[in-house]
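There is one chain below, alone, in structure tokens, taken in the form predicted on its own.
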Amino acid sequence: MSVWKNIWTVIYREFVIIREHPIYLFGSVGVMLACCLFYFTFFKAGLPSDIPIGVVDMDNSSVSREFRRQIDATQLGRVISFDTFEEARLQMQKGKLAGICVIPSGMYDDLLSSRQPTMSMYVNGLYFVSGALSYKDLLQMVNLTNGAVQREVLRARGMTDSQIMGIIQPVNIDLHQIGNVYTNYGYYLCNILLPGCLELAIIIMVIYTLGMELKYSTSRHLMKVGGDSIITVLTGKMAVYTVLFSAIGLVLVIAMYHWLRFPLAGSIWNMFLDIILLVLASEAVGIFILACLPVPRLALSIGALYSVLGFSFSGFTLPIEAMPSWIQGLSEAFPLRHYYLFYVQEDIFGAGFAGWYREVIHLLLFFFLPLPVLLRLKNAFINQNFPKE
């Protein structure tokens, strides 16, 4: 029997397994569909709005009332007024407020007398995004209120508006948010979270589909079907999942950059290349993990841990350069890290081949990862001498 015929036999056998066990499709198509629906709908607005902010106005002057109205008029904030700080603190402890601003008594008089009033702000750090955004909103309003008061005082002294702005804002900031001009959290997070979920699904499914052959003692039959060649067996089994996950990855790229119009400075065809390389590298990692430890339960645990760590080591939340040096080197062992660097060069900067060819080389190196342990996996399939639970 020829090698190609053996491969097609393994492929047909895998299709039969998938048809008889829906968990394979649920763990691949179902999981990614659920992730896409969740993240695309969760970040549909792009930026959280109407974040509840408690305001305790002890001054009740025209300036403090205008301050409350200005916060309530912003996209981020929604003012909830309280008579006492204790009431506001109790609501924050219940998780109903993202921040509290306390306007002190006599603030308006202090401003007229050129005294410096103290405005207290409390931020709920338990909810990182809403807490940070509420702090940003409050700080911006405080600065604007401070500038408005200074402007009126300086106008009373006879200064022109150009002179006043030179004092209030001596440095004019010209901000350019490269790659995400709308400050859209969906653009920032979905570009890595969804490929990361895809990598997680691939590694888990590869370990699962190979590990079940060991658990149910069907690996000897698989080796017989594949002509006792571990390369033929892996080629046949992985061909099915490579096509399946590559199709999922391509649809994911099309959904982000074509249907939802995510910013893309480069070419969508290069992003196709990036996602396919991620699929192949993730499959290689899954094979390597099971071959090193041919115990399905432990291999699945290690694969899940490795995949989750990939989110942190990719560098999209905290720059790798800010981590300790030994961790910076460890980040090279995660395909998602190289996918992210490819994405930055192509999606944000549009650098083309010159910007991301190194990441292609790194992802291709993952293909050779299973080679040193293929004999160990073959022996495990034939001898079945490892625990099955």
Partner chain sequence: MKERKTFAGRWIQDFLGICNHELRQIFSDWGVMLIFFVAGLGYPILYNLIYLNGILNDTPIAVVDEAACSESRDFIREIDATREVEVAYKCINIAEAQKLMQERKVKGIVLFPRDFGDRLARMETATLSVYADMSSFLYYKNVLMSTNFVMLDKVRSIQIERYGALGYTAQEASQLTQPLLYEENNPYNRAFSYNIFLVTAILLIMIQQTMFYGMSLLAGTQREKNHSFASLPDRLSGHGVSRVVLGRGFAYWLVYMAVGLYIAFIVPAIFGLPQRGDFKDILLLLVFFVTDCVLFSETWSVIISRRETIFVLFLAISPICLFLTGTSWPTVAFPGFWKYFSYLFPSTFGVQAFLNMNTAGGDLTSATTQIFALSVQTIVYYFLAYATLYAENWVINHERELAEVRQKIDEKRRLDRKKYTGLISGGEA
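Everything numeric here is computed off the predicted structure, so don't read it as measured data. Residue numbers count along the first chain shown, from 1. Each form is matched to the other, and the largest set of C-alpha atoms that superpose within 1.5 Å is called the rigid core.
We do not show the form predicted together with its partner chain, though everything after this point is about it.
Stretch-level contact check against its partner chain in the model of the complex with heavy atoms at 4.5 Å: of 275 to 283, 226 to 234, 196 to 204, 252 to 260, the positive one is 196 to 204. In summary, among the residues 360, 55, 35, 29, the only one with a non-hydrogen atom within 4.5 Å of its partner chain in the model of the complex is 35. Among the residues 93, 75, 105, 81, the one placing a heavy atom within 4.5 Å of its partner chain in the model of the complex is 93. Residue 46 belongs to the set of residues with a heavy atom inside 4.5 Å of its partner chain in the model of the complex.
At least one heavy atom of residue 312 is located within 4.5 Å of its partner chain in the model of the complex.
The closest heavy atom approach of residue 292 to its partner chain in the model of the complex falls outside 4.5 Å.
Among heavy atoms of residue 158, none comes within 4.5 Å of its partner chain in the model of the complex. Scanning 114 to 142 for heavy atoms within 4.5 Å of its partner chain in the model of the complex gives 114, 116, 117, 118, 119, 120, 121, 122, 123, 124, 125, 126, 127, 128, 129, 130, 131, 132, 135, 136, 139, 142 in sequence order. In the core-superposed comparison between the shown form and the other one, residue 258 has its Cα shifted by less than 2 Å. When two forms of a protein are overlaid on their rigid core, residues whose CA moves 2 Å or more are considered shifted, and residue 210 is not one of them between the shown form and the other one.
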